[in-house]
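So this one's two forms of a single chain, laid out as structure tokens and tagged structure 1 and structure 2.
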Structure 1
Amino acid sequence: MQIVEIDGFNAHCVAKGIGREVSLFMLQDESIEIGDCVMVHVGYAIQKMSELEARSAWEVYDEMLALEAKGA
């Protein structure tokens, strides 16, 4: 969900047009700003979403092999 308002540990978040009050209490080690996206579970934000996408370490491994092959 995306954060649209922050008041202490409370945040107002929206996802697909639906708004919800979410606790930021579990994210005290993160810097959280309006506009950030968080994963919410039972009313608590459990982590800030990053831009990274699903991938496997094998992709990196294969890319390196391909580079080595080129270099050789």
Structure 2
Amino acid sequence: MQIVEIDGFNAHCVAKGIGREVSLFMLQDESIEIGDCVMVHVGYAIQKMSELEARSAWEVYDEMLALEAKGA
């Protein structure tokens, strides 16, 4: 997800038009800024990612969803 707003250890993040409130607590030792991409799991940012890494992850996820929809 991409960070669009930061308030302390909380951030508003967006991915594919969906917004979520995300805790940045687990990345407190990282330099996090608006516009950065993070991997989110159960409401926590667990890893800072490059935009290319984030895009690649979404492509893999979309492929998995497409295969699941086909019943593969």
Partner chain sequence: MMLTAQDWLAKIHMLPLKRRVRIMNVCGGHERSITMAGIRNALPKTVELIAGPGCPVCICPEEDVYQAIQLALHADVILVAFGDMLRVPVNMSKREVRSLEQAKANGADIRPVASPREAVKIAQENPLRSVVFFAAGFETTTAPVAAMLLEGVPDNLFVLLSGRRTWPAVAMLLDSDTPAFDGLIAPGHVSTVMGPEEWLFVVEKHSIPAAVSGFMPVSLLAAMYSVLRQLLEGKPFLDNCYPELVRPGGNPSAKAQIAQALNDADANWRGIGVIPASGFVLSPRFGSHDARIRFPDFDLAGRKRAGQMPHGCECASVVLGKINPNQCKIYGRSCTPKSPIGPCMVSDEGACRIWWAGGVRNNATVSTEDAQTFVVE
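Computed from a predicted model, the values in this text were never measured in an experiment. Heads up, when I say rigid core I mean the largest set of C-alphas that superpose within 1.5 Å between the two forms. Numbers given to residues start at 1 and step along the sequence of structure 1.
Of the two copies shown, the first one, structure 1, is the form predicted in complex with its partner chain. When the rigid core is held fixed, the Cα atom of R20 travels less than 2 angstroms between the two structures.
Superposition on the rigid core between the two structures places the CA atom of N10 less than 2 Å from its counterpart. In this overlay on the rigid core, M49 has a C-alpha that sits less than 2 Å away from its partner position between the two structures. Taking the core as the fixed frame between the two structures, we note the C-alpha of V60 moving 23.1 angstrom.
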